[in-house]
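Next comes just one chain, in structure tokens: the form predicted on its own.
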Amino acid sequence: MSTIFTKIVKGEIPCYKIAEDDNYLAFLDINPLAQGHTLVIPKKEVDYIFDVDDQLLGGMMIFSKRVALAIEKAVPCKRVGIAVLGLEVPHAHIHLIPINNLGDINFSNPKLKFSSQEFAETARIISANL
């Protein structure tokens, strides 16, 4: 059975897309810790990030770096933090989260709410900085 992320890759579920190539997709997290909180996934469905083959994983980090640098230009923050939890969705993914202090990347924090227009504008601004 396909994960929610595979359904996003296939276009069965919409997303606020940031970047895409043949192997990876970056899109806004709909339950973000910060404006610009982005998920990067391999298009190939693999449950656990350390089960992703080395070449695909290395490429995923390079793709994530490109996206993170665009986030830094688009969203006021000191850095873009990176987190890999792997428990929420059984499809390997990286969280890229704009942060100003260590507490900003605490997944116990309340999730922010944005309108569809705010999500779309954030995605547009980040994409424009790629």
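Quick caveat, the model's predicted, so the values are computed rather than measured. Numbers follow the displayed sequence, beginning with 1.
Quick note: we don't show the form predicted together with adenosine monophosphate (AMP), though the next part is all about it.
Contact between N31 and adenosine monophosphate (AMP) in the predicted bound form is found at the 4.5 Å heavy atom cutoff. With a 4.5 Å cutoff on heavy atoms, L87 counts as touching adenosine monophosphate (AMP) in the predicted bound form. Adenosine monophosphate (AMP) is not drawn, but in the predicted bound form it has a heavy atom within 4.5 Å of I4. At the 4.5 Å threshold, heavy atoms of I8 reach adenosine monophosphate (AMP) in the predicted bound form.
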